[in-house]
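One chain comes next, on its own, written as structure tokens: the form predicted alone.
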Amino acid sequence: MVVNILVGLGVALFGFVLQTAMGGINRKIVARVQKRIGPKWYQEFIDIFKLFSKRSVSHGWIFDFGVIMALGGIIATAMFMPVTANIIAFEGYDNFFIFVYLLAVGMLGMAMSASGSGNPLASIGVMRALTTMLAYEVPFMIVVMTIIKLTGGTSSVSEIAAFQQIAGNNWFIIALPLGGIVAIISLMGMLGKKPFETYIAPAEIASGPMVEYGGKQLGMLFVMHEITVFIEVSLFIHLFLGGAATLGVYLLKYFLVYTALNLISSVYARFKIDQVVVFFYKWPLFMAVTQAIIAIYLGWVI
């Protein structure tokens, strides 16, 4: 058990380092696309470490405890994430629904802390974040339930990835094309990429939930954010891109997925919050239900 915990903590640390590096590289790539030079690829590491060296202001124990709860919940979630077929800290516990529940702990901790700051802009941001979450999770869950049905009822992330590697089976992004499109759109919502960046919206609500944070607390939330992105992109890789047999394959898929989403985000404007909800409950939901009917009841799978 001690070894499993250490491996799990290693996975969480790996996720932080990987995503922080990928974030810096992507800032450079997007800058080049926009004909700018951009910061150095390791600038995000410098920013985070600099924050931990600064003092922070407290708005009460709920504000402080929520940050700890948020970071702890996300680290616990990352500990269960399989990286490759051989790198799994808690084999047999990489259940999709475990990730759903544990991610909620981190998000609720963040919501509790931001609301405890007393800033109305933070409360508006939290409300927008929870509304956006309800919007993208419905179509995404329908697609995932379709995958679980097609794989014989297993909800193990590693087993779903292994199913796609069997001869004759395609990755689910190909086998379920409508579902794959829904998953990509939902992933952009999870990551808060434009046009779904409504809960941050710096020009409208001064970064929303983040408005009152600084110093060590803001540094902890940056760490939480990087690990959260690692979890969500990794879930997409395992559920829709067949996982990875080796670390090199995993890193390549991770880079391609994250870079593609950033490039798409860089050319879009931000939706209003009502537009986000209407959009997800319109086209993605329609495509997810259609894909479920086609795959489960008609048996049409590519």
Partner chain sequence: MKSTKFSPMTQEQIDKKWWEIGNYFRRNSLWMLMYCTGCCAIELPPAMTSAYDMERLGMGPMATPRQADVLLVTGYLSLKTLRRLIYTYEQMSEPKYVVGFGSCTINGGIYHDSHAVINKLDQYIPVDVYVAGCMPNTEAVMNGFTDLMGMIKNKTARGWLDYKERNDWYKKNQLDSLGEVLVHDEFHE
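The structure displayed is predicted, hence computed values, not measured ones. Numbering follows the first chain given and starts at 1.
There is also a form predicted in complex with the partner chain; it is not shown, and the following applies to it.
Engineer: In the predicted complex, does I87 have a heavy atom within 4.5 Å of the partner chain?
Structural biologist: Answer no; every heavy atom of I87 is more than 4.5 Å from the partner chain in the predicted complex.
Engineer: Would you please decide whether Q43 lies within 4.5 angstroms of the partner chain in the predicted complex, comparing each non-hydrogen atom pair?
Structural biologist: Yes - in the predicted complex, heavy atoms of Q43 and the partner chain come within 4.5 Å of each other.
Engineer: Even though the partner isn't displayed, in the predicted complex is P177 close enough to the partner chain, meaning a heavy atom within 4.5 Å?
Structural biologist: So P177 does not count as contacting the partner chain.
Engineer: Is V211 close enough to touch the partner chain in the predicted complex, meaning at least one heavy atom pair within 4.5 Å?
Structural biologist: Yes.
Engineer: Identify, from the list L218, I173, M188, I231, the residue with a heavy atom within 4.5 Å of the partner chain in the predicted complex.
Structural biologist: Filtering the options by heavy-atom distance leaves L218.
Engineer: Just one of 258-266, 46-54, 245-253, 231-239 has residues with a heavy atom within 4.5 Å of the partner chain in the predicted complex, so point it out.
Structural biologist: It is the stretch 46-54.
Engineer: Relative to the partner chain in the predicted complex, which residues of 59-90 have a heavy atom no more than 4.5 Å away?
Structural biologist: The stretch touches the partner through H59 alone.
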